[in-house]
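Single chain ahead, by itself, as structure tokens, in the form predicted on its own.
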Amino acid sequence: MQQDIYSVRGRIADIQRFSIHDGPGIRTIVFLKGCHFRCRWCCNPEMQEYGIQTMTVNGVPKTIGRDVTVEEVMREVVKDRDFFRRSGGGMTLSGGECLSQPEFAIALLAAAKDMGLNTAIESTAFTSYENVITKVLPHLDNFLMDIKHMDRAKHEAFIGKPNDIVLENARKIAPNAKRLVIRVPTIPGFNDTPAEIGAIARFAASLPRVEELHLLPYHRLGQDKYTWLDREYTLPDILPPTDEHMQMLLAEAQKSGLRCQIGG
């Protein structure tokens, strides 16, 4: 074992076992604290801040965030090695934005590969390609990349940052990743028109070696967390899209020639 990798420390919010999302097979998802974006609809607001927080859930204080070593995380992850082997699963890093802690994320991925595990990250790729992503890719089997909008101004208005770096990095990642899947959180009033989904799908289809696009329907499962964090949820009136609407957007995305699906 490479002890220098296993001793790297980082800050996580949670470890979720037995997931069937965010990568192939049965997966263990490690949620890292911290994110560069402030998406108005974020279902994990407790993971946006890098700092350790207290979230009051039904009157009971709950600490969100703890500092761990790579060795401690991997000790938990390998408990499900048999399930990974049988299902083709493995470890996925999520958040927050896992690449907002680059040294920790790279060490986790390297340790997982050292143990023979399949790896994935769920990321916006809003980071340095040269200093971070090039160090991630050698240890990565599945890059699940969110692209939320093609319009720079609308992206910045709803997320807090423009999309220039995201789109530039997508072009660089595509020819170099083992597998790049484009995922689109589909949010009413933000990007849920055929024109908007079609534009993202055509961009994804223009990327070399990209074959899949996943539409992720908006849900309200994280809305109560804003109250628990004493924060305002700024999209209180939007409702999840209907099945009929998602099927219409799926049909539009499929015009790109990509393999498209709802969920992922």
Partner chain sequence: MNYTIHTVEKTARIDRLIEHLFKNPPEIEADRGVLITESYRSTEGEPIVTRRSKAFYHILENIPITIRPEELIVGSASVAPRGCQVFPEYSFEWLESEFDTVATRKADPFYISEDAKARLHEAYKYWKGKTTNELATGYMAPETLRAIRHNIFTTGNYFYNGIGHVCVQYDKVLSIGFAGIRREAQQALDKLSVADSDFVKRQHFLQAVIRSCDAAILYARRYAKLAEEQAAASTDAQRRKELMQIAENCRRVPENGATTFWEACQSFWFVQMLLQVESSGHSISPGRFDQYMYPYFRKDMDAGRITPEFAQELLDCIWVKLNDLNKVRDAASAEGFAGYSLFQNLIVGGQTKEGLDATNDLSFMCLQAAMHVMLPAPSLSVRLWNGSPHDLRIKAAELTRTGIGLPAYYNDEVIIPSLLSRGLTIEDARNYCIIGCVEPQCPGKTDGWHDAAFFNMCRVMELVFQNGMDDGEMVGIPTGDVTKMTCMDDVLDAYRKQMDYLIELMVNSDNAIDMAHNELCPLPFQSSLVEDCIGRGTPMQCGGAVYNFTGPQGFGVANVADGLYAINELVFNSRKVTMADFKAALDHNFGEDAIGETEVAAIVSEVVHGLISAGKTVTEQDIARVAAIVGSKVLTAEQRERYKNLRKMINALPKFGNDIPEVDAFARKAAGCYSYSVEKHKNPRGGIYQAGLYPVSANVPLGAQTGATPDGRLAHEPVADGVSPCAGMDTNGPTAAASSVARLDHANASNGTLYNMKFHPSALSGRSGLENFAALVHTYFDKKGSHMQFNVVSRETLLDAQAHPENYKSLVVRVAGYSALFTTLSRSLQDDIIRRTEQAGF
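Please read all numbers here as calculations on a predicted model, not as lab measurements. Residue numbers count along the first chain shown, from 1.
What follows is about the form predicted together with its partner chain, which we do not show.
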{"property": "In the predicted complex, the one of 146, 71, 80, 114 near its partner chain [non-hydrogen atom within 4.5 angstroms]", "result": "80"}
{"property": "Contact residue in the predicted complex, chosen from 86, 152, 171, 178 - any heavy atom within 4.5 Å of its partner chain", "result": "86"}
{"property": "One stretch from 50-58, 37-45, 24-32, 209-217 that, in the predicted complex, holds residues within 4.5 Å of its partner chain by heavy atom", "result": "24-32"}
{"property": "Contact of residue 20 with its partner chain in the predicted complex (heavy atom, 4.5 Å)", "result": "yes"}
{"property": "Interface membership of residue 16, its partner chain in the predicted complex, 4.5 Å heavy atom rule", "result": "yes"}
